[in-house]
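Only one chain comes next, encoded as structure tokens, the form predicted on its own.
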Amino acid sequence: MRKILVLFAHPKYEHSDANFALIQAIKDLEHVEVRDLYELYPDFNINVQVEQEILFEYEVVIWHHPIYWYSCPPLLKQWIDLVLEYGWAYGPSGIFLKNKYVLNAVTSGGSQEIYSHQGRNRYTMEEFLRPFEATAYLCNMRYLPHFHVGGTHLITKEELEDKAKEYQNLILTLRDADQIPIPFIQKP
């Protein structure tokens, strides 16, 4: 059974029904830890050593966040900037994340159709998430396809329940499968 770390970053979590439903679906699962970065570090003063030590314990890391201006909220970006430092996460002696799995679980007000070459945003969600993929590659991690809940402003209760169950099933698969059945996008 793999241990999964969900690094959750949402500066207005109390206003997000979608993220609330997703977190509720996984927060009590065995071997799954949800770390709410905005709850832990409201002053943005990230304890790098603590965060690095926690990463040692987990085989799967999930960057769970809403899409903010085509990226992640600022605290998650700061976490990446500080915690994934040279000599620890990458570089000649940066071996501590090697072969760990990582993926983005994201929510957006815009629908899947808006995140397409024909849509208003002109690019796919995969293209917007490329910096995360590049980060994973630099750190010798195995980047998995993202999980996306789009159209959160108009999503029905039933659709949201289905997406929360889908997220829970993804987490259970990542935790319990003998081999991760999802092909990763690139190998380190």
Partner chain sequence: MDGFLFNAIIYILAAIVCVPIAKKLGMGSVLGYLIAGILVGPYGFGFIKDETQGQDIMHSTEFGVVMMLFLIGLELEPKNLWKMRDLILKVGLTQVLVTAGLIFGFGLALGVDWRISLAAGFSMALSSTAIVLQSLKEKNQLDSPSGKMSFGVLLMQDIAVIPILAILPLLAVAVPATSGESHGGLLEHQPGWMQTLMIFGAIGLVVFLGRFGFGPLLNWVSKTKLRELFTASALLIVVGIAFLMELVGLSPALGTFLAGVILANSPYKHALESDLDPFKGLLLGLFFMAVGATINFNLIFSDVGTVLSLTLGVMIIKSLVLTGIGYAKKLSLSENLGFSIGLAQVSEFSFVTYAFALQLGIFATSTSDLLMAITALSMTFTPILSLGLDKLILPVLEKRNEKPKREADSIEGKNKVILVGFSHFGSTMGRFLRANGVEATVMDYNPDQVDLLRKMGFKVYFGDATRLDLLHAAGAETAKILISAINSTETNKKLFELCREHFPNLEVMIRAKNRYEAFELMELGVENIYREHLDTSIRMGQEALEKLGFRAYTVQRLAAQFRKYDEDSLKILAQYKNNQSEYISRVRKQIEIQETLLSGELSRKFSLNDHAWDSDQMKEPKN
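Positions refer to the first chain, counted from 1. All values derive from a computational prediction rather than experimental measurement.
Below: the form predicted together with its partner chain, not depicted.
When you look in the predicted bound form, the only residue of S116, S71, Q78, S111 with a non-hydrogen atom within 4.5 Å of its partner chain is Q78. With its partner chain left out of view, the stretch that reaches within 4.5 Å of it through heavy atoms in the predicted bound form is, among 39-47, 24-32, 122-130, 142-150, 39-47. At the 4.5 Å threshold, heavy atoms of Y90 reach its partner chain in the predicted bound form. When its partner chain is considered in the predicted bound form, I95 lies well away from it, no heavy atom lying within 4.5 Å.
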